[in-house]
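Only one chain comes next, encoded as structure tokens, the form predicted alone.
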């Protein structure tokens, strides 16, 4: 009976199923079939034996990842940067969305939104070139300005802690315009009668923002928070690699799991240990989003993802 009902649905909606088929096949090909490679994390991989022929070694790859001191360092950096980037980019996006919504000039609003959105289309490769030309010790813009003011140049590429702020700044600069569009759409969906009633009651602009706008877009804020918290152990590889590159002096404070895996594959050719690192990364991401979503579901069930 179930089989007959399924076949009936296929015949009834065959056009919709055919339209969805390319996307389903693409997801299977890119996301699900490669998951068989997870077993590399538990094997002593040898090229001559292949993925399935290599010998099992249990959790030895995970032990090496953490006993070398690298595991905790890159995990700490990945979580730190994602929390900072999440807090700064979301906060600035909400502020910009509110500012743009409160603007009265129609054309000025459109121009402002376009200018803020523009960095989203700039490649991280180009951003990396910008950063290098600004902070380069010999010919960078920053040191050129300091020299013109008769001040000593600074070598930021040997000062690891400064790059925490630099990376957070450029991350916000690139993503805040794109994220603000989501919040602008959420603000526009608020019933205009709420603002009109508040004006009649004598509410000023700040009172309308704090008592109407922010509470009304709070479901969107929670959804964006959950979607980003699920990636808390996934660093933006392009951002870190294009801005930092292979500067070993900065690895202690800027190396994340993604850049560590990429560099390990380039330098050592050992596939098993990076596979263990990515498997550990994926499992922790899953656990974190389940825990956070469960906590939100208990306190504010309407704002949970599931």
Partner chain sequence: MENKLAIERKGRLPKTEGVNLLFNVISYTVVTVAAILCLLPFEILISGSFTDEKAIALHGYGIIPSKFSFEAYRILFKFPESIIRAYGVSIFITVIGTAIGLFVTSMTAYVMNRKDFKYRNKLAFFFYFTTLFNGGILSTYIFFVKYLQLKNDMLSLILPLLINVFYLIVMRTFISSIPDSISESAKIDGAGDFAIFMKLILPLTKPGLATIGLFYALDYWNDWYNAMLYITDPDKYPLQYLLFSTLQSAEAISRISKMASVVAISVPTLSLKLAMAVIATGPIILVYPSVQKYFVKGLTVGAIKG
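Numbering follows the first chain given and starts at 1. Basically, rigid core = biggest C-alpha set you can superpose within 1.5 Å across the two forms. Here the structure is a predicted model, which is why all the values come from computation and not from measurement.
The form predicted together with the partner chain is left out here; the points below concern that form.
**Q** Taking 6, 38 and 124 together, does each of them reach the partner chain in the model of the complex with some heavy atom inside 4.5 Å?
**A** The answer is yes; 6, 38 and 124 each reach the partner chain.
**Q** Quick one: of 84, 156, 232, 116, which gets a non-hydrogen atom within 4.5 angstroms of the partner chain in the model of the complex?
**A** Residue within 4.5 Å of the partner: 116.
**Q** Note which of 79, 168, 100, 221 lies within 4.5 Å of the partner chain in the model of the complex, where distance is taken over heavy atoms; exactly one does.
**A** Of the candidates 79, 168, 100, 221, 100 is the one lying within 4.5 Å of the partner chain in the model of the complex.
**Q** Going by a heavy atom distance of 4.5 Å, is residue 71 a contact of the partner chain in the model of the complex?
**A** Output for residue 71 is no: heavy atoms all beyond 4.5 Å of the partner chain.
**Q** Are any of the heavy atoms in residue 120 no more than 4.5 Å from a heavy atom of the partner chain in the model of the complex?
**A** Yes.
**Q** Just to confirm, residue 241 within 4.5 Å of the partner chain in the model of the complex by heavy atoms?
**A** So residue 241 counts as contacting the partner chain.
**Q** Would residue 90 count as a contact of the partner chain in the model of the complex, using a 4.5 angstroms cut-off between non-hydrogen atoms?
**A** Outside the cut-off, so no.
**Q** Does anything in 30-54 come within 4.5 Å of the partner chain in the model of the complex by heavy atoms, and if so which residues, in order?
**A** Read in sequence order, the residues that approach the partner chain (within 4.5 Å, in the model of the complex) are 30, 31, 32, 33, 34, 35, 37, 38, 40, 45, 47, 48, 50, 51, 52.
**Q** My question is whether residue 257 is one of the residues whose C-alpha shifts by 2 Å or more between the shown form and the other one, given a fit on the rigid core.
**A** After core superposition, the displacement of the residue 257 C-alpha between the shown form and the other one stays below 2 Å, so no.
**Q** Can we say the CA of residue 273 moves by at least 2 Å between the shown form and the other one when the core is superposed?
**A** It does, since the residue 273 C-alpha is displaced 2 Å or more between the shown form and the other one after the core fit.
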